[in-house]
Ligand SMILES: C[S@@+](CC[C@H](N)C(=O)[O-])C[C@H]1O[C@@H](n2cnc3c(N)ncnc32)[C@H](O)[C@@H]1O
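Only one chain is shown below, in structure tokens, and it's the form predicted alone.
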Amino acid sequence: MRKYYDTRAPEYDDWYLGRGLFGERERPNWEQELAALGRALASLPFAHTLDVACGTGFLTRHLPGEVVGLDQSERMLEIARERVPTAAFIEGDAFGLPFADGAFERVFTANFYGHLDQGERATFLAEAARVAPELVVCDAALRRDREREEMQERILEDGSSWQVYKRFFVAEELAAELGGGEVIFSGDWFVVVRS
């Protein structure tokens, strides 16, 4: 997975922006929902936040408060540093967060949790709880054209093909899985839960 995202870094934002290989995809109401998602994240209370698997910082820029972004891909972080110069960004592992217990008020993660298998989920949730009392998870909404879990073939602009595990969520079910919480956003494409 690390190599896939490092390779994908220069074209990662194409998914959000509907460019490149995503330019011809039909995604009804995508731009409006993406804007609403940004507003929902910006409306969270200010907090000292760790953004785990922050990628290019596309959503990091909406998080209110003092933000530290962490990602395993230095290529992703290079883009994030340019996009969000007010945040700090470090390379690191989501399954062994390089921070002291209680170092943050909130852990945020977007489009990461849905790639984790059961063991990885348990490890990540324990690490998130160790470094912050609050967790906000943003991920892909379950749609009619998707299974709840699937292996996806992802092809990059260089022609390389990657197999990626992906889960899709109903907001209330994600909240229950996280041990309870509040649905912050529930749309056709994204869900956000705070626990």
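Residue numbers run from 1 along the displayed sequence. Owing to the predicted nature of the structure, the values given are computational and were not obtained by experimental measurement.
What follows is about the form predicted together with the ligand, which we do not show.
In short, of 51-59, 126-134, 140-148, 26-34 it is 51-59 that has heavy atoms within 4.5 Å of the ligand in the predicted bound form. L70 belongs to the set of residues with a heavy atom inside 4.5 Å of the ligand in the predicted bound form. The ligand is not shown here, but in the predicted bound form it comes within 4.5 Å of a heavy atom of F112.
Proximity of F185 to the ligand in the predicted bound form: non-hydrogen atoms within 4.5 Å are absent; the residue sits far from the partner. In the predicted bound form, the ligand lies farther than 4.5 Å from every heavy atom of W189.
Residues M1, R2, Y5, Y12, Y16 of 1-21 are found to place at least one heavy atom within 4.5 Å of the ligand in the predicted bound form.
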